[in-house]
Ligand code: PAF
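So this first bit is one chain, no partners, the form predicted alone, shown in structure tokens.
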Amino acid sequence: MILFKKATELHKWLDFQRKKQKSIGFVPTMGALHTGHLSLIGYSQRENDITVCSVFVNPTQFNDPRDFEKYPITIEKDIAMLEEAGTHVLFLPSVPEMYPDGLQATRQYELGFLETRLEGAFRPGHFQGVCRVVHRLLEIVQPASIYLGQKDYQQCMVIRKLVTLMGKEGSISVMVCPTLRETDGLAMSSRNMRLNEDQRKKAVTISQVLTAIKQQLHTGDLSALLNEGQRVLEAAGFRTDYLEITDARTLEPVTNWNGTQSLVALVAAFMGDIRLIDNMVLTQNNTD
């Protein structure tokens, strides 16, 4: 595995590979890697000649500075995992390397409705920070495909929008890969390592609630399903930001289902001071 810390050096090396007709896949991460990240590496490796992984904890996407300070840093372990997985390139930049002009935003990304819903509503500025860092990374790497996990469902939609705003819709494919889960159903997440033993046992309630909603889904009014899910989360000790059923393509809330609309259930909830998110596609229209 080749490690780059400078954007210009990585960009130059990748340009040389492209001239040799090598296809490039890209997996952006914030480190604290787990099997879910490695599955994205695997998807990229199967579909590309070269796989680039970046590890960068992006300060501009944390609306709560305390959350940024507590984000787990496990770089030595990350490097070992990436090497074992056969990753070709690791990009490990510093903050000044990623933000040579400073952290102050100079551009507003027009994300529309996506920025006002769910994560956008509860984490103001978060998606602007995501767009800033991914825009910079895509300019450096210029991949054929970028690989993302479905666990960050709304963020995947934001990055699709970003690629369109960049005018790269035809040249960069956004590949959304299935969420990997622990054996008990908990979605794999870097934040899970901050849970203590008791919190970890209770955390699985999130996926249990989503599964129950999927199993009990019916046409008509969905409020009883959501109310029961909310009750179960609170009984397990969660403080919920949101639990919603939405249109899978637009994130518009769906309170009354017609039986054909594609749906996804999304949740964000705190266990102590640790915020966990998850989602589950409930139905998929064959015409989508």
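Just count from 1 along the sequence shown to find any residue number. None of the values given here were measured: they were computed from a predicted structure.
FYI, the form predicted together with this ligand isn't displayed, but the following is about it.
- Put simply, residue 155 is close to this ligand in the model of the complex: some heavy atom of it is within 4.5 Å.
- At least one heavy atom of residue 133 is located within 4.5 Å of this ligand in the model of the complex.
- This ligand in the model of the complex comes within 4.5 Å of no heavy atom belonging to residue 262.
- Although the partner is absent here, residue 229 lies well away from this ligand in the model of the complex, with no heavy atom inside 4.5 Å.
- The partner is not drawn, yet in the model of the complex one stretch among 217-225, 250-258, 236-244, 55-63 has residues with heavy atoms inside 4.5 Å of this ligand: 55-63.
- Taking a 4.5 Å heavy atom cutoff to this ligand in the model of the complex, the contacting residues in 17-53 are 28, 29, 30.
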